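This document starts with one chain, in the form predicted alone, laid out as structure tokens.
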Amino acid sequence: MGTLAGKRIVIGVTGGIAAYKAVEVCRRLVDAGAHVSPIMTKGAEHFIGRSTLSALASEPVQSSLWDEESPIPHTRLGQGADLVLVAPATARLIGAYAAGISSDLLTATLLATRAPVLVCPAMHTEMWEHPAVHDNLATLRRRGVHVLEPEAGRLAGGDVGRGRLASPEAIVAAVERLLTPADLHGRTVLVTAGGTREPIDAVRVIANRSSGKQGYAVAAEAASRGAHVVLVSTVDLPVPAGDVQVVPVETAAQMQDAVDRHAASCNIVIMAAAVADFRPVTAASGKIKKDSGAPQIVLEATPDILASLGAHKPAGQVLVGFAAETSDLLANAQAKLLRKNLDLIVANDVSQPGVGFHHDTNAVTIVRRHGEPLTVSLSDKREIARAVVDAAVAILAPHSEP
């Protein structure tokens, strides 16, 4: 299961126009396996209905200190939470929390919990920029409260500026980071992603079907666990949250150069990219015209980046390869692991439905140098990434340099 599976999260919703986004945040948290307990302030009920949030959460909305089944609902919620999330957090809520004023169920729960708290402000730009708001947030930060700052964008009333609630995706990613063990803090992880493209002429390439989604999921997982991630990528996907340095490349030679520059200083190297095995010996400088007839394209082997890494692997480094197969999955993966001196190889049968290229899901067998293979059934690619990083962390030398 994922990072949020079984986690108990209290989501507090206050009275701002951005309250509608809390519905999507709640849905995503529940889909990720969390038990979500919603609290709505009286102001929030002017913007969204209790029944909507109750239907999507793990239990009905609570809003009062006096009308609930428990005589002390704030204590029950605060003590049972793994994390308390407030989204959106209005200037009023931020001020009351900073001042320690318990005026409703949400503020009472915030004061009654020792769990991590994530506050996601949302308000008009003039309010967001007011010194009182920033002083209150500074106070909360000093006390260990986490703040996900608002974005710039369209606000209520047609205004544009900073103060827009962070996206549901960003909020859930922040929750995952807070609830993910920081077992890679101080470590550097190199991840390659996407398929290389080898030019035939000025407009045509030899390529493969890799979308880069699995590599980006691995990078996101490593970053969420505290790693500095060097992401060598051939695709233009959104950069994962966290400490991620993207190195854009296109060809196998460019990828090799980027990997050679960074790999030696990395604790873990995960080669998720699909590197072309062959490239044209020469590429035409212009476009080859169709009326000239079909050209003869002479191919040569590209550099074997993974084998080179295995041959020069520093002591203590964990090297992970990928193998996209269509037959003899386990035998081919085990042979590749030994031949290229890998610690792990992640094998998948791309002929199966929902597996591999372009899908949002994958199913893999993680073959280890020592120990039985680990099978991960069809899951979303972030879940696959979590299993891969778990396996790499399990063999990372505890005394290796962070």
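The first residue of the shown sequence is 1; numbering continues from there. Computed from a predicted model, the values in this text were never measured in an experiment.
Just so it is clear, the following notes concern the form predicted together with a small molecule, a form of the same protein that is not shown.
For the small molecule in the predicted complex, the listed stretch (339-347, 371-379, 26-34, 54-62) containing residues with heavy atoms inside 4.5 Å is 339-347. The partner is absent here; in the predicted complex, the one residue of S233, N136, T251, T302 having a heavy atom within 4.5 Å of the small molecule is T302. For the candidate set M123, V175, M271, A217, a heavy atom within 4.5 Å of the small molecule in the predicted complex is found for exactly one residue, namely M271.
Mapping the unseen interface onto this chain, A324 counts among the residues with a heavy atom inside 4.5 Å of the small molecule in the predicted complex.
Using a 4.5 angstroms limit between non-hydrogen atoms, E169 is distant from the small molecule in the predicted complex. In the predicted complex, the small molecule sits within 4.5 Å of a heavy atom belonging to V275. Within this chain, L306 lines the site of the small molecule in the predicted complex, having a heavy atom no more than 4.5 Å away.
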